[in-house]
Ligand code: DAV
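As a starting point, one isolated chain is supplied in structure tokens, in the form predicted on its own.
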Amino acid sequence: MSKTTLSWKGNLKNNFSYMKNTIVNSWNEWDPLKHVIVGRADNCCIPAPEPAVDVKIPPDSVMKGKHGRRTQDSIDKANELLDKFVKTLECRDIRVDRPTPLKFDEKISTPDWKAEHMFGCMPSRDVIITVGKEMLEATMSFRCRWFEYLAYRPLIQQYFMEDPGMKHESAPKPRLTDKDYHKNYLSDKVSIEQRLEWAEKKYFVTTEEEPLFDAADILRFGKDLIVQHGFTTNLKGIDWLKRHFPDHRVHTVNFPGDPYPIHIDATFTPIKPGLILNNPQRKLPKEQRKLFEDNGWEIVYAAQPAHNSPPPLTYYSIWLSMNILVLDPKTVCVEKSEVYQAEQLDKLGMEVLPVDFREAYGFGGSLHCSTTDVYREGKMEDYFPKQ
């Protein structure tokens, strides 16, 4: 039995908890979740203009031209929702750890560029992925997020000390010079129709100058990793993942209906072995469906979002309705107001736990975005034996 230690959890007032030493282990998106990192909203900023940010904001968006530290009231509200989410998980006997926020509202620089400020540490899913016993820090393709991994280093160092089998890896930090971005993508004159045409041709804002990937573009299916090629992950980044995980099969996917393909978890969402939700506006192409269909997986189109627009000062898609957190093959957390998604999952045989989270969207996404697995029960399985 692991030795029990006393641990203080960051900013949660008067919240002491006993916890066992860490075991890092997570092979997929649905095995029973026992240990997770949930982000924080402290000091979060709206990113200042830079190539990776500019292309993400539609020309007619109210977010255009806005940047800087978010208001303290909005930060406090987001942290309130995050803390309530943590309590929901802890009531299910899931251990929750939190990152250590940086001074995200300060200027940063490298020898190649300067940025007015950073972003935040709410969406931990973007920065770190756990594959088996390994926790891997992504390259990140936004300059404002270059140093974000530092918010998680205290936790990762703790896990490394407590679990002798844990591996901590960091992908090569990119330079993120202007050579990493196609200049013609950055014009306000580029229409949605043009973006969709480019997406169909697999032409995105990121070039192949150096390996780039965000962890939230990767889905884990045991022996197989499904990776989205888009704005935040390029082909060279996917090739790096193939070399880094030689015991895995790494598959590239694209979703032509998405004019802003940033992260896969509001587009393609595995629920349990054999079942996946797919965004009906961003359908997986026929030739890429073959892997799933040949192995008996059912791809179901997700229910329509309950909202026609995102919350104020949020440039995330309304399809965050699909950004759910699976706790085990029978239980799933869904944003409280997304009643149609909840109803669909209930009909698919899942116990649905509603979580109030919509006012935290602007800080980096929804429930899946805000978490990083540390431990899920289970082992590596081959879910796609026919290839």
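Everything quoted here is computed from the prediction, not taken from an experiment. In this text, residue numbers run from 1 along the sequence as written.
Absent from the display: the form predicted in complex with this ligand. The rest refers to it.
Of the candidate stretches 313-321, 146-154, 91-99, 270-278, only 313-321 contains residues with a heavy atom within 4.5 Å of this ligand in the model of the complex. The candidate spot formed by 162, 167 and 376 is out of contact with this ligand in the model of the complex: none of the three has a heavy atom within 4.5 Å. The partner is absent here, but in the model of the complex a heavy atom of 262, alone among 78, 302, 262, 226, sits within 4.5 Å of this ligand. Only one of 35, 358, 70, 56 lies close to this ligand in the model of the complex, with a heavy atom inside 4.5 Å, and it is 56.
Remark: residue 24 does not count among the residues lining this ligand in the model of the complex, judged by a heavy atom distance of 4.5 Å or less. In the model of the complex, residue 369 approaches this ligand with a heavy atom inside 4.5 Å. Contact check for residue 282: a non-hydrogen atom falls within 4.5 Å of this ligand in the model of the complex. Interface membership of residue 118, defined by any non-hydrogen atom within 4.5 Å of this ligand in the model of the complex, is ruled out.
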